[in-house]
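Before any questions on binding or motion, here is one chain by itself as structure tokens, the form predicted alone.
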Amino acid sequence: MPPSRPSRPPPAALLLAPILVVLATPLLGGHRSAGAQSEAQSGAEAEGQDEAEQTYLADCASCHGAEGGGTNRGPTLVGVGKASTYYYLSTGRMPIDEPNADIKRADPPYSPELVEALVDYVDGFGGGGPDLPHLSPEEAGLGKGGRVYRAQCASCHTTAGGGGALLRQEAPPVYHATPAEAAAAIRVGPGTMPAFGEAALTDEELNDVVAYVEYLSSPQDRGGQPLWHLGPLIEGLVGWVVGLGLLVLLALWIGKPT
């Protein structure tokens, strides 16, 4: 009978194998989870793009063309920029039922996610126009924004933001505009409104005036009654009329014979 060989200790790799498996399992699971999450995100983006394309072809292409080149019913969208598309869609001014219909603010028919997808889809026709401005509300100066607003905006939208300063009441009130919509309108200049590029209004000034426009939707009426926020001229006129009326009544009461 041959002598038995002494048993050798198992290699270190065999001893560490179970530990390595235990440690690697969460990592592999994490990689799989990250991969699955990335695939789900890519699938959601693709689905959003498909929905944007279908929506555009159904609601917009009849006027602006299947590739955004425009038709005799609507202008081209090539090179308009993201700010323009966002403004018209987020404020419900587009789409319209008929080419000659009035373009007015309305409830947007699309969700914010679909609006964002449509903005990207239209931008794919060709960029070049104003991009969506980046706003920093925490860095805005309300006083500086008020000075810019009174100098550049109040002549049409009125000092209190009520709009209607033009002959045909074409300047809308600013109360309903979100900061992003106000910033986009300033850069784009929709309708008869002039466009304020960076040469006319720096990004810092834009940030300030947008903060002031947001303030106008709920201002602090420190002087007393707001009087529908019609502005200082109307408020002063009301004060004079009421004050003079009271003085006349007082004079009549004093001079009344007993």
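These figures come from a predicted structure and were not determined experimentally. For every residue, the number given is its place in the sequence shown, counted from 1.
Not pictured, yet referred to below: the form predicted together with a small molecule.
*Asks:* Whether residue 117 contacts the small molecule in the predicted bound form should be assessed with a 4.5 Å heavy atom distance threshold; does it?
*Replies:* Taking the distances in the predicted bound form, the answer for residue 117 is no, it never comes within 4.5 Å of the small molecule.
*Asks:* Hey, in the predicted bound form, is residue 144 touching the small molecule, heavy atoms inside 4.5 Å?
*Replies:* Answer no; every heavy atom of residue 144 is more than 4.5 Å from the small molecule in the predicted bound form.
*Asks:* Can you tell me if residue 136 lies within 4.5 angstroms of the small molecule in the predicted bound form, counting non-hydrogen atoms only?
*Replies:* Although the small molecule is absent here, residue 136 would stay clear of it in the predicted bound form, with no heavy atoms inside 4.5 Å.
*Asks:* Is there any non-hydrogen atom of residue 96 lying within 4.5 Å of the small molecule in the predicted bound form?
*Replies:* Residue 96: contacts the small molecule in the predicted bound form.
*Asks:* If you check 75, 124, 112, 128 against the small molecule in the predicted bound form, which one has a heavy atom within 4.5 Å?
*Replies:* When the small molecule is considered in the predicted bound form, the option within 4.5 Å is 75.
*Asks:* Could you tell me if all three of 69, 132 and 202 have a heavy atom no more than 4.5 Å from the small molecule in the predicted bound form?
*Replies:* Not a single residue of the candidate spot has a heavy atom within 4.5 Å of the small molecule in the predicted bound form.
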